[in-house]
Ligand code: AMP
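This document opens with one chain alone, in structure tokens, the form predicted on its own.
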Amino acid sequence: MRFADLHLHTNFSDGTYTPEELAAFGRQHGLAAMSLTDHDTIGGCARMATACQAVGIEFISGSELTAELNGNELHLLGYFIDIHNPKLLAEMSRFQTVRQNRIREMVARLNQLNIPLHDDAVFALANCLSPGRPHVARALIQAGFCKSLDEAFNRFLKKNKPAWVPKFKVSALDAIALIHQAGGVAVMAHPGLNRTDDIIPDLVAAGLDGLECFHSKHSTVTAEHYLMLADQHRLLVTGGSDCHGMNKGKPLIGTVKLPYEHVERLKERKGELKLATTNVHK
């Protein structure tokens, strides 16, 4: 059987692996297809495509967008998005600016707690356009203010801790429309972590294409629950490890293997969406 991992991160957002390292791990685990889904960026996709081609793995361009609906935070994965799409690039740039400002605000709050961390240190360590909390945590460790990522999050960076800053979230309906207009397929990431099943019908009405039923933090029972919901709403099924490299302990690549038939269905959906768009513009 052939398998895919459709939820992966690199150092273009908050992962620690380069695209080349990630592709090498994919080959090690015998993956037939991989998708790079860095947060609010498609910056690593071109390099990942080249790296995958070099090791004989099919590459699917992707990104993970932070969104909200009715006050609920959710993450949307866009697959097969056109990485040169002007509107997508403009929106990504806006999301990245917001992320950078959030880092500055977190550092300002740490400074108020008499922790003299500089935002330059965080940006230098992150070395990407889409920085996140793990970069602040690593900067705190590097500067000797914390001993581990867990300590940094538990003391300062978790929700309701002194340096936590709310995340900007685009409307889920706008995010789905953005993915579609960039030629992509829109999938709700790790629904079992969001616990917001009640908003799934609204997302379906807005054009949601699939649910990430298989995830490293989904139990078998959770996966089965979302497979049932996907079937009920006629949604595609996807899955991925959500590997962030060594950022969150052990690397997760290889822990979730999605049967390749689901990649084929994603491709079919991409074709249907393209056809629908073409007909609309006729």
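The structure presented is a predicted model; accordingly, all values stated were derived computationally and were not measured. One-based numbering along the sequence shown.
In what follows, reference is made to the form predicted together with the ligand, a form of this protein that is not presented.
Q: Quick check for you: of 115 to 123, 99 to 107, 197 to 205, 176 to 184, which stretch puts a non-hydrogen atom within 4.5 Å of the ligand in the predicted bound form?
A: The contacting stretch here is 99 to 107.
Q: Report the residue, out of K147, K167, H84, K161, that has at least one non-hydrogen atom within 4.5 angstroms of the ligand in the predicted bound form.
A: Selected option: K167.
Q: Work out which of G210, G132, P191, G78 lies within 4.5 Å of the ligand in the predicted bound form, going by heavy atoms.
A: Comparing distances to the ligand in the predicted bound form, the residue within 4.5 Å is G132.
Q: For the ligand, considered in the predicted bound form: do all three of E58, F214 and K257 come within 4.5 Å of it, counting heavy atoms only?
A: The answer is no: none of the three residues contacts the partner (heavy atom, 4.5 Å cut-off).
Q: So in the predicted bound form, does any heavy atom of H218 sit within 4.5 Å of the ligand?
A: Contact check for H218: no, nothing within 4.5 Å of the ligand in the predicted bound form.
Q: Though the partner is not shown here, which residues of 1 to 32 have a heavy atom within 4.5 Å of the ligand in the predicted bound form?
A: The one in contact is D14.
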